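One chain comes next, on its own, written out as structure tokens in the form predicted on its own.
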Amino acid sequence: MSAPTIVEIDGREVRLTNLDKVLYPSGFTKAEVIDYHVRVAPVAVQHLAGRCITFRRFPNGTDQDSFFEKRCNAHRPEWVPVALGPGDRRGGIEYCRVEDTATMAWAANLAALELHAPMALAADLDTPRILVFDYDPGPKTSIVECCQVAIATQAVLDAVGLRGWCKTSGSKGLQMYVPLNAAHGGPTHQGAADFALAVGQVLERQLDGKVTTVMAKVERPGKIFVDWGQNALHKTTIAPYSLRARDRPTVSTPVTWDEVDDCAGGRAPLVFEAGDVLQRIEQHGDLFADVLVVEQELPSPRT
């Protein structure tokens, strides 16, 4: 085992180990994971900061066992902040907060390849800042059908004056974020979930046989599961710009509606690896920047 490497990032000392370890079957190493985390941090951290972040760690690579780490590592550097978030029967859990580039590098060194974030900020856990539609393709479907359902979803949202922004899951599916960012109060997690379910049920009727809001796997073949339950208090979704644990270092990547439309028509697959994403940021900036600032209100439930 080689000696650890100590690097300084923005005045923080970060200890890096086993840099040549291969974490992806394609040959992508821990050093390359760290490099990606550091280079994407100026954009990615904006979508992580202030939230209770769950790490999914792959110490022996993506083709080996992994584990979710909600409770922030006891051996974290003193400069890694924590926040109290949803816990277990013993009470709340102190989650890691990812607020800077040094913490991104530290997480990468832990082989925390996937960073999962909740829809609410740690300062107000009861109020989601975002509503999410998570499109999960069942057997005999793909991201192409996910994009078709996303377009149909936006048509439904248009009727109530809401806009959504899409990103790939980095795996097989697609997600649409509907920013809320209520200045004064806002919906509860249950209210967001109820609205997402209602929209999903409209899609079930409009796209008969192509969409389901039922979680049971028997309902999935040939359909896109609109996972409205991702809006629950204790749920997290893969964060924008996070790597995914696939054979290759694919990334959950913000995309334009033109790209969604092209994918829906089978003209362009939406699959991006780490290097692709860095190039996209250089060319287009953060396509998800508006998700952090646009303020929208869900329609009041009918009584």
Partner chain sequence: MARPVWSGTISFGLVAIPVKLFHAVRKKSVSFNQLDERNLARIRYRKVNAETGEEVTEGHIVKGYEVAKGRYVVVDPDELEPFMPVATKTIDLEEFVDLDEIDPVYFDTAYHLAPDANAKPYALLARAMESSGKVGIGRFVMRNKQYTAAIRAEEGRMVMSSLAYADEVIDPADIEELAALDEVEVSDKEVLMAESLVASLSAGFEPEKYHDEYREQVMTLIQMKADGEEITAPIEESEAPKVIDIMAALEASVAAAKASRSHHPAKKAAARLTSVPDDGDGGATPVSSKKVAKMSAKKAAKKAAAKQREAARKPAAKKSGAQKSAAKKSAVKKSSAKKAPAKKRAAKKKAAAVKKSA
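Numbering follows the first chain given and starts at 1. For clarity, every value in this text was computed on a predicted model and none was experimentally measured.
Below, we refer to the form predicted together with the partner chain, which is not included among the displayed structures.
Although the partner is absent here, Glu295 is not a contact residue: none of its heavy atoms lies within 4.5 angstroms of the partner chain in the predicted bound form.
Though the partner is left out of this view, Asp158 does reach within 4.5 Å of the partner chain in the predicted bound form, counting heavy atoms only.
With a 4.5 Å cutoff on heavy atoms, Thr212 does not count as touching the partner chain in the predicted bound form; it lies far away. Residue contact with the partner chain in the predicted bound form: Thr253 places no heavy atom within 4.5 Å of it.
Residues with any non-hydrogen atom within 4.5 angstroms of the partner chain in the predicted bound form fall in just one of 135-143, 122-130, 92-100, 194-202: 135-143. Residues Gly275, Asp276, Leu278, Gln279, Ile281, Glu282, Gln283, His284, Gly285, Asp286, Ala289, Asp290, Val293 are the members of 275-295 with a non-hydrogen atom no more than 4.5 angstroms from the partner chain in the predicted bound form.
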